[in-house]
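First, one chain by itself: the form predicted alone, in structure tokens.
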């Protein structure tokens, strides 16, 4: 059996890469990261390509594709260090809303790009001592930290019991938070007796949305690491020392070869995790945990080594390698660190209480 991408999937990936190569040069990433240009400038173009509706059924105006297709898109977005709300508004929120049911109008609005839905899963994934909220009689009070997408129209909020609530951004106080990754915005949400619509009490809805998000993060890291590797190889073919290209030095060859050897098997792992979400219900949660955990460690190694190949230039904004470096670093912690995910995988397999 040959496991690979179909012709349609290859065309999808090519179209996304072509659009981002033309419309998102590094200078544009810089402007969005510094706030000079809103991330909606890129998101609107991706909306025209159908990206917000990837996982939304055709009946609600979406494209109705599968998780593997979404993983392919996520890899391309990571490769171009694309700013925007893809993880929250195109993956986690649509998965949860579709599984919960009764949210057809909102799904249609997400698919056509007229609404963005952020997520605040901190209480369910990794509660913090300085945050927390309560929900009573349809009202929510308290605080969520590191909610994804500071520009969302609504937020899907999870409590400690994995219940999901929909809260309008108009009813909360938002404060932007600084993280190492300036290409994706996060914020603090303060609720003061705000309206909270119950979306789901089913823990399986939350888990599938979380697994989808983790798999897409792994794909994003794969793309970002591949881009850093490609940039390192290209730089080594141009940079000269002692009247020789540094690519001719054995040490540099070994560094690049190690990166390739570690990263290339990860592509099949990401594809299989996406396939498992679509077709293998008994494996999907375990694969999501292991794939994100492994990709974050490999991605970190590639990020470090590719920066070393660039030497001192790797730390400059002129080269801009730090955008990919920080993207990989943020992915490592978001929705669960490798250590946390491996502990979760051990529990799934019965190896830990």
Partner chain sequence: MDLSFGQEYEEFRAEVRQFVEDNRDKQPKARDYRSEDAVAWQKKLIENGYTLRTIPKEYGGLGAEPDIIKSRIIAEEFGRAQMHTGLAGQGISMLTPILLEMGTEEQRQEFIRPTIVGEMDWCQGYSEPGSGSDLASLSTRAELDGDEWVINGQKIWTSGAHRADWIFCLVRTEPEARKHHGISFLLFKMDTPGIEVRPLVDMTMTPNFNEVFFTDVRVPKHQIVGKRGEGWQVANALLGFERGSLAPPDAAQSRLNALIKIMHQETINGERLIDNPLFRERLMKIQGRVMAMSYNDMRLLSARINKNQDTKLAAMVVKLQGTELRHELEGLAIDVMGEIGLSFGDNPYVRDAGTWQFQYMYYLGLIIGGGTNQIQRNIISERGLGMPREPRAKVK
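Numbering follows the first chain given and starts at 1. Owing to the predicted nature of the structure, the values given are computational and were not obtained by experimental measurement.
The same protein has a further form, the form predicted in complex with the partner chain, not shown here; the description that follows concerns it.
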The partner chain in the predicted bound form: contacted by all of 30, 95 and 160, heavy atom 4.5 Å: no
Wondering, does residue 198 line up within 4.5 Å of the partner chain in the predicted bound form on heavy atoms? no
Does at least one non-hydrogen atom of residue 128 fall within 4.5 angstroms of the partner chain in the predicted bound form? no
Heavy atom of residue 247 within 4.5 Å of the partner chain in the predicted bound form: yes
How about residue 261 - does it come within 4.5 Å of the partner chain in the predicted bound form, if we only consider non-hydrogen atoms? yes
Listed range touching the partner chain, judged in the predicted bound form by heavy atoms within 4.5 Å, from 262-270, 81-89, 109-117, 132-140: 262-270
Can you pick out, from 177, 105, 180, 257, the residue that has a heavy atom within 4.5 Å of the partner chain in the predicted bound form? 257
Given a 4.5 Å distance limit between heavy atoms, list every residue of 336-353 close to the partner chain in the predicted bound form, or none if there are none. 339, 342, 343, 345, 346, 349, 351, 352
